[in-house]
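Alright, two takes on the same chain below, each alone as structure tokens: structure 1 and structure 2.
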Structure 1
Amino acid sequence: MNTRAVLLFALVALLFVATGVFQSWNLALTIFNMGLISAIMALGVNIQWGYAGLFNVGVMGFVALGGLGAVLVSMPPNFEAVSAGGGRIVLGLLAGVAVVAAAIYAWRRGGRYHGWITAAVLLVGFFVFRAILDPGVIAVEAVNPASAGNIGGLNFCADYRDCGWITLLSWPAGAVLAAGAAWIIGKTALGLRSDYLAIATLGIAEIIIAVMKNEDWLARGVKNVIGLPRPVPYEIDLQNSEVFTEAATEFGFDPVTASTIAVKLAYAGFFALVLLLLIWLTQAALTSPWGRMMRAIRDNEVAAEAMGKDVTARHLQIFVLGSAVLGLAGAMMITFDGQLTPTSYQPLRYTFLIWVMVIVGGSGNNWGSVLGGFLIWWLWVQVEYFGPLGMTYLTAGMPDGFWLKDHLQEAAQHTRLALMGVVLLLVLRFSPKGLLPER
């Protein structure tokens, strides 16, 4: 890291300290924790875009899949539902895979009429798939729909909240789920040109969200999964523990405030550990022969191919790796939020904001992505706070009840979208390589 990087990181640190001093440390830590997760998401996009030039605008989908993976591992299993329809669902999904395999086989070996045969296989296969799957889905969703109606997860503890450590295992599980999806998508879409790939990934993200909203048996759909276990103690337990309250009072803190801050610090510890590990890994990868090969492919595909590099295979590899990092971040975010709400996944927030982070931070530079993650996330949260505040000052001269005043104050929360666009355009124009350019 050079002086520029140190200075910029110091500046971002100062922003967080100022938030703590002037607003509250609780808020500063909340932003910091999501900043850590945003930095990991930005790293994931940077792996795909910065190393290999893959234009993935389906970030949201992989982040959501990571969250789904976290739920499917860390929540308790719903035995009744699984025995009611679990087997049928598994059978149905296997049938779906078999249909696709048969269609691919028919396409390759079908001879003269392979197009028609493939279409027929897919059409019949679709109805077979639905015929097997649907009764299973109905059976699972009928089991206690008000509070469950899903298959649950793999947390076999008597009280699932006691086994918070399982959430730590659910993070890599989220990564694996996202990576698996990325492999399937990459196999079909990576041959496409850059802006076709962008549209394709945009569509895939919407489809993933649609699946998560509709397939209630999977993770309750729009009924949301709440009360996920967590790897850190609960605030209420800390407040009830004498050791903690005594220690807090001794240092002159209010026990309630101290407990919330302690919990957030514990989260920050876990998240920072993951981030540092990832930075170490990505930096090592970038400086290795593999990293040089990737950049060579990015800068000139034709020349790299002429040197005997398998461009398509390397693209698939990096697409899967980057998506795994996005899934990991998504799983961590779900643990931090304590709930999975499919409706909250919006492309502006989970795809394009991450892109702003990468471009502003400096594409191709891992430290830049981390910096962009923290800076843009801080800005995103604070504008929501300062926007209405600033608007209050701006409209102070207007009489109360004046329509423009009411409208402006109500609309102030939308200023942050425009501001993000302005930041992106300014950086793209005046510092096109980002705040921390790639060396």
Structure 2
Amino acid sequence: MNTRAVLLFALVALLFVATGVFQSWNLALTIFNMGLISAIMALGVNIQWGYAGLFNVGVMGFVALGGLGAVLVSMPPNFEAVSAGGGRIVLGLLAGVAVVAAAIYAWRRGGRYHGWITAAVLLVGFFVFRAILDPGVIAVEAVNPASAGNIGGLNFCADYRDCGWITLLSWPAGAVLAAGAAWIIGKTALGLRSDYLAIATLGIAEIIIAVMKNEDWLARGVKNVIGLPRPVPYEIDLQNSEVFTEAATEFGFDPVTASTIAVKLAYAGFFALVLLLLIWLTQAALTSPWGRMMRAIRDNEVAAEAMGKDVTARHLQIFVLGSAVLGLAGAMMITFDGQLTPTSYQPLRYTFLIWVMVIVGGSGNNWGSVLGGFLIWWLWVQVEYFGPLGMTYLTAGMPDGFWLKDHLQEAAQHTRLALMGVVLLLVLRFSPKGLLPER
């Protein structure tokens, strides 16, 4: 890192320290932990856009798939539901795969009427697929729908909360799930031009969220999954520990406050470890012959193809890798939240904001993406509080009932959106390649 990067990271660190000193260390650590996760998401987008120029606007979908992967691994299995309809669901999914394979075969080998044959295969196959799958889904969702109604996960411990370490295994599982979906999407969409790829990924992300909301058998849909096991101790356990309370009291801390800070520090340790590992891997990849090849393809696809590079295959490779990182971050976020709520996935938060982090930090520069992740997330959280407060001070001298005062106070909730736009414009005007440009 150069002097400019060190100074900018020091400035961002100062913002977090100031939050801890003037507001609370609990809040500072909460923002810091989400900053770590946001930095990993920004790294995922930077791998796709900064390395290869792939315009993925479906970030939200891959983050959500990572969260789904975490639930399917870390939660306990629902044996009653699985025995009621799990077999039919598996058969239905296999039938769906067989229909798609048959449709592909018909398209390639169907001769003159391959379009009609493919359409017929898909139409008949759809009804066969639903005829097998639907009874299984109904049976699973009918098993104790108020508290379950889904197949559960792969945590076979007697008390699943005691096996928080399984949650750590769910993170790579979330990455694999997102990578698998990216491979399927990439095989069909990566041949498109960049603007069409953006539209395709945006639509696919919405489809993923719609499936997660409506397929209750998978992860309870909009009824949410709560109480995910944690890889760190529970606050109440620390407060009941004599060793911990004595140590906290000895250092002048309230045991309740100290327990929440200790838990957040433990999360920060895990998240920071993952981020550092990813930084090391991505930096090594960027400076390797593979990284130089990817940037050559990004800068001039025609020239790279003329030199014998398989551009589509390389694009698929980078698309899968970037999506895996997004899925990893999604699984980590679900672990930190302790719940999966499909309705919380919004394009503004999980696509637009991540892109702002990459652009402000500097696309093509891994450290820039990390810087953007921390800075933009800190601004995003703090402006929600300071925006309305500032608007109250700004309109304090205006008489009650004045139209401008009412208008400004009603618009205060949109301050964070306006600020993101201003930050983006300022960076693009004075530092078009981001705060830490690609070298």
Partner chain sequence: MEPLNALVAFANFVLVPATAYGSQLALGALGVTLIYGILRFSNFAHGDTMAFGTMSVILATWGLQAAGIGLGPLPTALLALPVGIAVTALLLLGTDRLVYRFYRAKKAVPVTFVIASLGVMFIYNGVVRFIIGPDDQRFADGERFVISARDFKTMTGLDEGLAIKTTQVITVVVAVVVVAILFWFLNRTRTGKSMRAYSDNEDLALLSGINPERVVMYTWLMVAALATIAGTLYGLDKSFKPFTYFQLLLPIFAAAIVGGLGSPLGAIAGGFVIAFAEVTITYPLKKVLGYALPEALEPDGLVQLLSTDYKFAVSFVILIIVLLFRPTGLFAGKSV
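Throughout, residue numbering runs from 1 along the sequence of structure 1. Here the structure is a predicted model, which is why all the values come from computation and not from measurement. Between two forms, the rigid core is the largest collection of C-alphas that superpose within 1.5 Å.
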property	result
Form selected (criterion: the form predicted alone)	2
CA of Thr30, rigid core aligned, shift of 2 Å or more between structure 1 and structure 2	no
Gln409: Cα shift of 2 Å or greater between structure 1 and structure 2 (core-aligned)	yes
CA of Met398, rigid core aligned, shift of 2 Å or more between structure 1 and structure 2	yes
